[in-house]
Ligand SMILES: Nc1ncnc2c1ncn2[C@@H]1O[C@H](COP(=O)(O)OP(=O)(O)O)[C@@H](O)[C@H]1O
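Quick heads-up: it's one chain on its own, the form predicted on its own, in structure tokens.
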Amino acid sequence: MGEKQHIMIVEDSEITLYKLKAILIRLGYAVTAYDRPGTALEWLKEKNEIPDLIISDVVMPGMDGFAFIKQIRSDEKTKQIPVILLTSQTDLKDKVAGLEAGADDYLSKTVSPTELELRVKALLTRSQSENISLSQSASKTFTVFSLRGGVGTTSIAVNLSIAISQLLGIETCLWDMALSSSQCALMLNLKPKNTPVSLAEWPETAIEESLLRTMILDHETGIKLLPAPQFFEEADLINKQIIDLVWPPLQMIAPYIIVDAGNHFTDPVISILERSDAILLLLAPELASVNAAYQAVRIFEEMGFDRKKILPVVNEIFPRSSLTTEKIAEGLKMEIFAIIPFDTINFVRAINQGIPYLMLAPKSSVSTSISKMAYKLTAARKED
């Protein structure tokens, strides 16, 4: 199968089988397809090669999808293969039964090509990540930054954290370093009690992970928030020394750290930017924002940052703009990493209700764009 990732489909409907196979081949996967689970099991036992992922129907003649998964999980050779169950049923009992049988995900037969692509990539990426010991590998840090306010750095940081958590099935940590306008806790409807400002006069050169955990808030989406100071006048107490204290134990808490770095160059923010694996440079499609992004890139280069880790992201905060993505890329002399479509109404609703956008409108084009950005980031950093 060469270097292509290999997916097995087990589906008795000829039409559904053809549709899935066509989509997956177009996406660059090698595909093995069977219309009977028994035949698929025979192939798995006879071949030395095992697929990277299996997509199976639930209702099939001879053996249903639940029994098929149990056979997969009972064999030492195949028990680690991620499995997606595909069905026309939407009953919660069926989903629970599938997950109890050992399925990793559950999709409707009417799934769109885009959602199928994202869910397949998510499971493949998660499967590849499971063998990595988090205690032996440093976290990856993605920092969202802009030199112009009002372009949505906090919204993107919050929802990117959730997207990575959902994509990989892991906990991610969101660090609120937008000290002049910290809003992460508000957007997640969380109430901080203890923050890193308590380390302002810390006498030692290090802190225990257990102490840092007392400052971290858990959110139902699977992300952890390290909040900013509760009061504006405390912002100046967060300095580079605190960053140095927080950084080592934070690396042990979650495999991915997303930082909302706000829109000002300060010593602590610069310290985080220097250590980041990628900087998502957020801008809106208007001239002042593009100019601010250009100035930020210039400063990054003067600091000696690797240009490859600076990733411009256009957030379309207006319904229409005369500045196209092509013009913005030409002005920055950089490729645009991602585009977030216009949806001010739902972004405002999310903020007002304290519900992250990805939970409020999970099927929207914005959520899809953020999920794709999460995949591009995690896949690219895994290859580094």
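Since this is a predicted model, take the numbers as computed values, not measurements. Numbers for residues come from their place in the sequence shown, where the first is 1.
The same protein has a further form, the form predicted together with this ligand, not shown here; the description that follows concerns it.
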Handout entry: Contact segment among 55-63, 40-48, 343-351, 323-331, judged by heavy atoms lying within 4.5 Å of this ligand in the predicted bound form
Key = 343-351
Problem - Partner contact for residue 85 in the predicted bound form: this ligand, 4.5 angstroms, heavy atom - result: no
Practice task
Although this ligand is absent from this view, report whether residue 187 comes within 4.5 Å of it in the predicted bound form, heavy atoms only.
Solution key: yes
Practice task
Evaluate residue 151 for contact with this ligand in the predicted bound form, applying a 4.5 angstroms cut-off between non-hydrogen atoms, and reply yes or no.
Solution key: yes
Exercise for the section: Answer for residue 317 alone: is it within 4.5 Å of this ligand in the predicted bound form, judged on heavy atom distances? Expected result: yes
Completion exercise
If we test each of 183, 221, 141, 195 for a heavy atom within 4.5 Å of this ligand in the predicted bound form, the one that passes is 183
